[in-house]
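Quick setup: one chain, the form predicted alone, written in structure tokens, and binding and motion questions come after.
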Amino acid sequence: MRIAAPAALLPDKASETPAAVATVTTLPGHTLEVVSDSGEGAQRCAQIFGTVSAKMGNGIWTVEIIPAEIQPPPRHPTSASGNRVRIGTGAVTNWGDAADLIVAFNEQALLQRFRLGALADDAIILIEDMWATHADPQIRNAWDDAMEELGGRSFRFINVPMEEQCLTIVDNARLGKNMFALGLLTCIYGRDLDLVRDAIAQGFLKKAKSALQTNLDLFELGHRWAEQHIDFRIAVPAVKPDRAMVAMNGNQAIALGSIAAGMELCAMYPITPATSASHYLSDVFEKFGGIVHQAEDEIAAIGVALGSSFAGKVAFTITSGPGLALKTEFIALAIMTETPLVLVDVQRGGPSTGLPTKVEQSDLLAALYGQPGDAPHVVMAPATMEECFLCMTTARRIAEALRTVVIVLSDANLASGVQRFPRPEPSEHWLAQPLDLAPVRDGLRPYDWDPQRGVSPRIVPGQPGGMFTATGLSHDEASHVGYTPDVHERGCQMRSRKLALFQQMLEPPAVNGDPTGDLLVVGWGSTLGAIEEAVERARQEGLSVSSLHLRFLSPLEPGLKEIFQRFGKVMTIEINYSDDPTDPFFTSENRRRGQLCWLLRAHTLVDVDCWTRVPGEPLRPGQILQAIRESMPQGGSR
């Protein structure tokens, strides 16, 4: 027997008469989500909202909500697609804890976000109302069931007749609800109408003028409806920056960073979530003398990049976890031949094909040790969208100065999220010195290693007097194959010495907070903002906790052991798997720890602990704060 949801828990139909004067609430920050079935444009709606907010002077951070399937079934919780946008008066560094307001095109998409704990207990929910009275009884029943499940919280529901309103302008409301929703949000948050119109127009540059006008009409319709029926407004004051700012996602930043670094070739094979970086480059790279080469597979892509670099071009390849696995042999060849190469790995959930559209930080050990034999190279991890840009210029200079491979570990959170940061000022230091193509002096060998620094001269094909045979086999200074112990030992020493030289050039990482205390939290990559917000909250509670964030993971930044010894306990926060020590069968001997935790324990011999999760989504500051509370050493100060 069906039991209908209590009337008190059902959304109220919005009044058809104009609302009274709206109540304006001014806040330092607010978080909203727009969710729909895949293909209904919720992501574009939220992206425009976030971009306009950034242009108005708000700090922003966005996170895409992407279903795993390309064409998931409609009206199913696992099919939710959309975007979360967190805006603030000041800088915003992460996606926050929960959405304060959500626009849902159907109750099933809303249900998925509720089940994931993505909604604040008092969230305002603007929801399409057509499903409650749909002709299909199964859909009506699904609506009733969802409302009953959602009824345990203090949500405020506002029914919005999106379908009914959009059909006054378009024949297929599915193709118009996103612009109508954008109008709702623009009114509620007081966004600049001209900026929104310009952003909509930008998205329709290559389409008919009639299509642009239709979408503008839908946007205006949503704005008018909100003016008449929504009785509240949310003001998040914007602060005019004192310098030029830009807003972009991490993949765009990596693409622009590669241009700024003077890269000449991007060789790639499409793979989520890395592909959009090469899509962006495909639109603009040629203007700067660059080429995007889509290879037949991942192995061919790195082969093309490696061959181009060997010939003197500045090349990089971009991929995600499964592609990194396929590129393994060519990475080792680049290290053995000492050919400069930058490889960007935009991490996603694993193993195998894992979670193609979800975030994870589980490629660290693969990036460090996923090659046969001893293959030392540089691994770095940007923590923000700005660092995604800057790390490409740094990676190129390191790769060429040391004649080595530099792996840049980004992730899906950085790749698709949007953040505002100061517009980079071009610098000549971004570019490496041009190659010396003068004739090779007599007696100079292709691997004449400097015994102190481990580096050797770079000779490119066609350079007069520089002919030699490059090989992936163990070789001596003249690149002659040699299997004797002294030849192989010397090659290993020199390739490792370069990294020791580079590590001596790095500075110790800065500690966020007091230099001593009860607990030090260590992170890497895109967790920076969430960790630092959680640490700040913990310090406000009186907890003696600080944090430290690593950008270089091979070689590790210096001074870590000394820093760790100043704290009662050290714990990493990571988005990769570790065993819960309270689960059955796990002991201190067989417990698998987080990947950075494992690395730090080995390098410092400090008993580093870890707190890790693999939810397929970014970590939330509130989660980390609770982990900090539970991990404080006994007797810690408050």
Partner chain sequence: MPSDGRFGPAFDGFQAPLSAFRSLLVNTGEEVRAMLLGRRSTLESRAARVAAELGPLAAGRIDPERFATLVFDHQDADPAAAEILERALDVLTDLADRGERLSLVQVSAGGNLYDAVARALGEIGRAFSAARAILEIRSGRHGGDDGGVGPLPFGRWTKAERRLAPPLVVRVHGSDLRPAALAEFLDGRQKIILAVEGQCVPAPLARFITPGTYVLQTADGSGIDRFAAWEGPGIAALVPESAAFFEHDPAAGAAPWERITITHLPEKLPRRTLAGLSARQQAEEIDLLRSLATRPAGVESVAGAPTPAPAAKKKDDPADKLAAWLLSRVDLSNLG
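This is a predicted model, so every value here is computed, not measured. Residue numbers count along the first chain shown, from 1.
One more form of this protein exists, namely the form predicted in complex with its partner chain; it is left out here, but the text below deals with it.
Taken together, the three residues D283, L306 and A375 all stay farther than 4.5 Å from its partner chain in the predicted complex, as judged by their closest heavy atom. Checking M336, L506, V460, I230 for any heavy atom within 4.5 Å of its partner chain in the predicted complex turns up a single hit: L506.
Residue-level contacts in the predicted complex: of E298, E532, E387, E360, one residue has a heavy atom within 4.5 Å of its partner chain, and it is E387. Across the options 172 to 180, 414 to 422, 115 to 123, 432 to 440, residues that bring heavy atoms within 4.5 Å of its partner chain in the predicted complex belong to 432 to 440. Using a 4.5 angstroms limit between non-hydrogen atoms, R551 touches its partner chain in the predicted complex. In the predicted complex, at least one heavy atom of R397 sits within 4.5 Å of its partner chain. In the predicted complex, R140 stays away from its partner chain, with no heavy atom inside 4.5 Å. Shown alone here, K313 lies farther than 4.5 Å from its partner chain in the predicted complex, counting heavy atoms only. In the predicted complex, L501, F502, Q504 are the residues of 488 to 504 with at least one heavy atom within 4.5 Å of its partner chain, listed from first to last.
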